[in-house]
Every structure is written in structure tokens, then in C-alpha cells.
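As C-alpha cells, one chain now follows by itself in the form predicted on its own.
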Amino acid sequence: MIIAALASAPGKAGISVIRLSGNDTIKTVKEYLSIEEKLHEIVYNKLYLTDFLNEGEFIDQVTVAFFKEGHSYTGEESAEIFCHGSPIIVRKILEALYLEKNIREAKPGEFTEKRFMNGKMDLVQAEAVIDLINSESDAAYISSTEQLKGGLSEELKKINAMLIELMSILELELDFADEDLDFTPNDEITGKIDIAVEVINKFIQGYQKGRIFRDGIKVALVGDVNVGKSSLMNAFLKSDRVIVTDIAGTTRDVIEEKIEVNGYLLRIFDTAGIRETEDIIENEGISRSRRIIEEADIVLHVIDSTDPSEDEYAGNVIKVYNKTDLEDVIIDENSVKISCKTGSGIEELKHKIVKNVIDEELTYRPYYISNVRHLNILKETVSQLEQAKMSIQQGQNNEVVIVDMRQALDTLGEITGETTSMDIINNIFGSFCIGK
């Protein structure tokens, strides 16, 4: 069965791309084209300028490329049709193709799933594809492209090799248990397990930075009512996104907007002013504000310089003294003076946010995992390795320890897809868009 779908973004564009993959793709597609080459004369990876016809009726002038099995995105015989980017043209071409008995619409992520199933990429790289499509900053782009190139996969292979070496030692000793040989001391085996756990924990610890690379820095604007939180949001965005008035409690819900600073995405949350109130709607906004504060990577405590607040917030906090055009203040190194009215101090504050959270250049590390699925699998792997270590310390024979090690190895394989269930694989690719 051949699958087909629009591979470019829907809507009007200069060009739209329709992708097909499966056995007999070239023979089937060629029936709709005006090119004269016989099937065996088709040159792969060449663009053909031709007409797309449906039962002799002209639909569009297109360019078409054919790809040989084993040398296409999916690993199957494939074709890509580049037509004018009109939704009507795309619809007419796809309708004509779907009338063929051996062509159906591709499911979400099915092209990439075929690439994975045909051994063209592992599951980490496949997940990097959707991360790349969704990237909103240089940091997210760098993270996803490095994983797509196999940077994380190579590091995971090293861990995998460490575990296989451990299992080999244990299995070899099991095979020669009746022989009078000197075996590897238990403390040396547990020491090797400790090394493997230490390496995996490095990845677990790198999750926080990996998440920031992919999803951005969560910034919460907090403080009393009317100190200028919404004005600061507007200053960040350089637009009047949030309503600003002198009336206390104007902001009643959490408002999120995004900007990019030094290559990182800043997800800025303007929160309702924290105060005692009997207003039901405002109280709900305050409750949501408290949740955002707990989840934030950094909190900007906005303070009115003409009437400084004594409130304190826990965590990574920058005190932001606003209205310094009206009243100057003395600040410490973890504070910033700004004026939302004049714009002074805003750029300094942006850079300080990134420095306080990242404190390094925009450099990606392979152990910066960003996927919570990977995080949970690594934690489970560590737990199983610790169980293997405990089994050794309790004097269990190698058969028991090998079972523990095998579980750890199989669990780790779920990241790259070597031991992942089809339900999980289908769920991952089901989150992709149609055509990818």
C-alpha cells in the first residue's frame, strides 16, 4: 500500500509538497504525469518539470522527484510532487491519488515511523524531528538538530556498552562456575555498576537544562497590585499586549507571552497581584499565580520604587525596582532598576534573567536530555542497576544479578526504540502532524 499526504504546511504558499511512499510508487505516480520517459529510464533524485493530469484533465504544472528504495526519507520507493501552493490544487491532486486502490492517506507521523521501522533512524532521532518542527528559539533548534544527528544516541550507546560488558563478565563467570578460576571480586563488579549509575545520573541531572533548551525559561512576574507587572510585560514585548490601568486587580488571570533573548526562549507569565480579596474571580487568578510561581525557573519580584514592598519570595528571584524615573533606589547585585515608562533597564533585565538561570554560553551538551519519557526511563534504569548491586551485596548468585542487569539493559533500550512496545511507538508518532 502506498501512503500519500501533504508534507508542507497547509494553506496558501508559493509551493506545496505532496509526499508518497510505498511499493510501485513510481509506476503509479507516473500515470498522472506527462513525462515521456519509460519507467526503467526514470532517473532518481532528479526533478522533472511536467503536467499533473487526472483522466487527461490538466490540474497543475508540477515538478516531481523520484527516490529509490533504500535512498529515500522513509527507506521505501518514494516520490515528491511540488505543485503551486493553492489549497484547491493540493486537494485536487490528493483526491485523484486517493481514488487509486493502492493509495491511502498517510496517518500522522507515518512517513517518519516508516523511516524508524526501516532502520533509517532510532526513536530518539524520530522524536527530535517533532522537536525541530516545534522549535521556537536557537536553543531549541540546536538541541533538536544535535539529537537528530545522533548526538544523544551515541552517548546512550556508550552506556549500553558499559552494561553489556558487565553482563558479559557475570555470564562468563556463570559458565565457568565449576572451574577453579579466579573471578572478578564483587566489590569490583559493584564499582563498575556505580560508574554506570554515575554516568546515567549525569543525564538525569542534565534534564533541567535540556528542558530549558527545548521549552524555554519560565519567568513569573509577581508582586503587589499596581507595581507595574503588566507594564513590564508590555515593555518586554514592545507592544500593548496587557491592559494597564490604575485600578487594583486589573489582571485577573495568568497571561503568557514569549520572547527570545540570547538564543533562549523566555516564557513570561504576567500574574495577578497577590493580595487579600473577596472577589471570587480575582481569587482564582491569585491561586493560578501561586502555581505559576512554584513552577517558574525564575521569579521577577516587581517592586514600586516609590513605595517599596517588604514581601519576599522563595527560589531564584530577581528584585525588579520599577518607576525609578520617579524615585531612585539603592540596589544589591541581585536586583535591577527599571522604568517601564522610559524603557531604561529592560535590556539589562532580559540578559540578567538568562544569566541567572543558565550562566553559560549557548552550548548544547549531549547529556542535556529534554524529553520526560527519556528522564523516566533513565530513572528506572538506575533503580534496576541499584537492585543488581544490592543482589550482589546480599550474596545472590550470578543468575539473579544477570536478571537485574537484563532488566536495566532492556529499560535503557526503550529510549532508542530497541525494546519499546508498539503501543508507545504508535503513541509517539501519533503526536506528529500528517505528512511528516
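Heads up: residue numbers just count along the shown sequence, starting at 1. Computed from a predicted structure; not experimentally measured.
Keep in mind that the form predicted in complex with another copy of the chain is missing from the display, and what follows is about it.
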| item | value |
| --- | --- |
| Stretch from 296-304, 321-329, 78-86, 336-344 whose residues place a heavy atom within 4.5 Å of another copy of the chain in the predicted bound form | 78-86 |
| Contact assignment for another copy of the chain in the predicted bound form, among Arg290, Lys238, Lys107, Arg91, heavy atom within 4.5 Å | Arg91 |
| In the predicted bound form, the one of Lys158, Lys202, Lys149, His351 near another copy of the chain [non-hydrogen atom within 4.5 angstroms] | Lys149 |
| Contact label in the predicted bound form: Tyr141 to another copy of the chain, heavy atom within 4.5 Å | yes |
| Ala7: touches another copy of the chain in the predicted bound form, heavy atom cutoff 4.5 angstroms | yes |
| Heavy atom of Ile425 within 4.5 Å of another copy of the chain in the predicted bound form | no |
| Asp60: touches another copy of the chain in the predicted bound form, heavy atom cutoff 4.5 angstroms | yes |
| Residues of 30-56 having any heavy atom within 4.5 Å of another copy of the chain in the predicted bound form, listed in sequence order | Asn45, Lys46, Leu47 |
